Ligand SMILES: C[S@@+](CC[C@H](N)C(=O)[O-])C[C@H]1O[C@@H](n2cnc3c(N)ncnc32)[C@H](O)[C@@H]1O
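Taking the form predicted alone, here's one chain by itself in structure tokens.
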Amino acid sequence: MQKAASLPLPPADALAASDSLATRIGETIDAAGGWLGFDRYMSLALYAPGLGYYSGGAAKFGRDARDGSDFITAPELSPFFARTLARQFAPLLAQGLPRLLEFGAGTGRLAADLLLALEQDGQLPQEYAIVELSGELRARQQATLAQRAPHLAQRAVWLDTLPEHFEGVVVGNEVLDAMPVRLFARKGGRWHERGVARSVAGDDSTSAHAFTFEDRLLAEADIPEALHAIPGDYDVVTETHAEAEGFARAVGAMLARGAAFFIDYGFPASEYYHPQRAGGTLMCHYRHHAHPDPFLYPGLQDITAHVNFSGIAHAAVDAGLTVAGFASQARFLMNAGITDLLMTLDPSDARTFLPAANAVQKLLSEAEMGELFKVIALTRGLDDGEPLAGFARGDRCHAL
């Protein structure tokens, strides 16, 4: 694990908040008999009211560590991300779908840029709903909309939960990866659930706080089905995604008619549980440093796992949705016309064109976001006809 000393030191007030959350987590561990499943730890670290990473006041989204942020997302990287999504969404809204719904809207940049692009395309939704649990992020989203699209800000509404019934277009960018996962370790051919316990005095933990992993042997009947698909008996650490799959089922129950698009980093199950990925995908982000220690500064860093898109697809189908497309982010964006949009800029204006082209290159490059990130589309009740434009070429549904 990366040593805390090699990462930027939080300010005193942030450290105090992290210590408060660590105390709460420690008390939860004690109340549970000395051991918590990792999913419960991850839920507390990210979402504990007032102290968790997404429920507290950390900057989270930004361009580099100097602005106090921990990572950058595609909407922050380039406005052409939203403009390209709008090219996919506009024909769907034209089918009489009145609303657009975003999960986890971050800074609000995607919402503002989507509304502006859809206005230009003549397909503004009647309402732009945002499901957001963080009061701090809601305020930031409202400020972003007021600044970037003040004449459209009144179309936005904020929700605490999924609506029971929804007709329209749904979008979630980097939402699934932040849902708590269970951790498992196969050692000597036997499966264990990897949970969290308090560290004992004098152990060799590199974490900033006194937590450590502790494995508990699983009875055969308690081994999740996904793990049975991992062949052999070599040692492996991996994750399962019950919460994200439950979320996909909930979207299926909600979506009466329309399409849901989720963009995130991840793989189909055959790649997710491949022997070459024997260390799992759990990772943390702090001040634009990626590292593997989930116990560092609880509440001040993001904790994520890559998405098993096969599990998401199967859960959605179980809920009555159709998997209408699955592709790399690069292929989806190119199919939907991102390069055409880029060329609306004047290439001879180097000061404008080159930064925009470099940002688009990061969205498309295999070495950046283009291949690791995927787009999955889930639909119900749409008119028969041509495939969704973003999946016209390079659709990988067969891999799910």
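Residue indices: 1-based, along the sequence shown. Just so you know, these numbers come straight off a predicted model, no measurement behind them.
Separately, the form predicted in complex with the ligand exists; it is not shown, and the next lines address it.
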Discussion item. Can you tell me which of 308 to 316, 149 to 157, 172 to 180, 222 to 230 lies within 4.5 Å of the ligand in the predicted complex, counting heavy atoms only?
Written reply: 172 to 180
Discussion item. Suppose contact means a heavy atom within 4.5 Å; in the predicted complex, does that hold for all of Y47, L133 and L137 with the ligand?
Written reply: yes
Fill in: G168, P75, G266, P294 - the one with a heavy atom within 4.5 Å of the ligand in the predicted complex
P75
Response to the item:
From L85, L100, A105, V196: within 4.5 Å of the ligand in the predicted complex by heavy atoms is A105
Worksheet item: Can any non-hydrogen atom of W191 be found within 4.5 angstroms of the ligand in the predicted complex?
Response: no
Discussion item. Please tell me whether any heavy atom belonging to F213 falls inside 4.5 Å of a heavy atom of the ligand, as the geometry stands in the predicted complex.
Written reply: no
Worksheet item: Does any residue in 242 to 258 get within 4.5 Å of the ligand in the predicted complex, counting heavy atoms only, and if so which ones?
Response: F247
